[in-house]
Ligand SMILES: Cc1cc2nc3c(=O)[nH]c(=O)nc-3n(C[C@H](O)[C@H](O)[C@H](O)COP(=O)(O)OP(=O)(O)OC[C@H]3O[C@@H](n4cnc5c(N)ncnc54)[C@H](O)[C@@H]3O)c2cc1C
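Here's a solo chain for you in structure tokens, the form predicted on its own.
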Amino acid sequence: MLDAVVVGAGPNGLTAAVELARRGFSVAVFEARDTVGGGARTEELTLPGFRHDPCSAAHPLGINSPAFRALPLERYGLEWLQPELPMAHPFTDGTAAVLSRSVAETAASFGARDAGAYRRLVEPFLPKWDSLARDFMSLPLTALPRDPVTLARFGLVGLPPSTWLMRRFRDERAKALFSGLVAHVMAPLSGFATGAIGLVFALAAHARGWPVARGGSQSISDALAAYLKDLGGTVHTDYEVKRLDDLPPARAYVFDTSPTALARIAGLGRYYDGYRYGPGVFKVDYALDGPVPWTAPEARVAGTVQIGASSAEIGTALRAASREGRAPDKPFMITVQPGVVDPDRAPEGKQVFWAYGHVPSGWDGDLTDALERQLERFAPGFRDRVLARATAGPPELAARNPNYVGGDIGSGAVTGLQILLRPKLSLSPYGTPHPAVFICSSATPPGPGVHGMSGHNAAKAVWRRLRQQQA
């Protein structure tokens, strides 16, 4: 009998497996697709030689993850590549605000009226970022806070809506960039704790940047899988699990799946019926005949580029997708251009380009034209660079990865109390009514992103249970 079986080989499932194997437990991972990866994969989606990331591409939370930083992933091929600028937010006048490694450079891009306000916002937390990140990404508390005073101060600033926090700024440049940071988790700007979301992304950039992984996001998953095998764990691909009886006997079963899938497989009935999924995304992967022709020079050297002309425009797009049930006319876009720092992703002189906008859950329309109209506002001539495109709306994303219910790449709405307490209002979010079944996906704290912390936190709950059984 195995100590633990993990279902799903995404970053969280692999991290949970690694953490258990490091502590001497026997572990096997079962993955329905023919490769490991989940939301961290790399594939040729358009033309030969163009290597795209179907989901995650830039990794501010990955390089800052306490779980990943404690593992020897570099030994297994993971290399973080830092673009000249972590992120740029261009405007239609050809200028841009930036999120730089330097707080001073970032503040200066907002203009004189908001530079001081930004520095006063981030500088108190930056020296204590590592302890804050560990405490924040372990919520609800799986261990006592290392720095409860800083965590409490962060909560006072971040728990109110981001619209409150943005009252610190007077001009649109800072407001638009910060609105875009909040929109990375598809949360309405007026939601509970959205200020914390934006602040975490900003602090992550200042601490360690927003890198891409050399060769693509697949290298993160491959490094985790290789380390797991060296620890004695096994990985089985092309193995779809429909019920617990499909799995070998084990003392614990850990699911890197949506709550919906877990309830179906483990026979938990309606246990997760109250769990809410968020809006979906419409994603396009481009093969380009050269770099994106951004008007703003800063955007040409940034790994990530946010597209939204103003905070009002971004807020309108988010409301359309999350509350009004329609695709926005001017979608807010997150784009990544790995080629600024990893040119081997495409043939010489060519580029891969990654872009998505928010749409309602399950939406089955085509947002390509709206996305490209937005791009043309900030990069005139963009369409002339397109060699090929691969599009994926909510139905395609959900078919590609069942965790993305309705096209929700966050595996659950990041709104209300569900920001912190997911997938149930419980002090033990990784456990289930079945004493041997656990959940470790992005549906558990700390939520979406390629950081492995949901798997790390869940593994703690599992090994405590296993040790109790041994005792």
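Computed from a predicted model, the values in this text were never measured in an experiment. All residue numbers are counted from 1 along the displayed sequence.
Missing here is the form predicted together with the named molecule; even so, the following discussion is about that form.
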Can we say 100, 306 and 379 each have a non-hydrogen atom within 4.5 Å of the named molecule in the predicted bound form? no
In the predicted bound form, residue 403 touching the named molecule (heavy atom, 4.5 Å): yes
State yes or no: in the predicted bound form, is some non-hydrogen atom of residue 354 no more than 4.5 angstroms from a non-hydrogen atom of the named molecule? yes
Interface membership of residue 32, the named molecule in the predicted bound form, 4.5 Å heavy atom rule: yes
Quick check on residue 9: any heavy atom within 4.5 Å of the named molecule in the predicted bound form? yes
Of the listed stretches (252 to 260, 295 to 303, 102 to 110, 80 to 88), which one has a non-hydrogen atom within 4.5 Å of the named molecule in the predicted bound form? 252 to 260
Would you kindly say which of 28, 55, 436, 45 lies with a heavy atom within 4.5 Å of the named molecule in the predicted bound form? 55
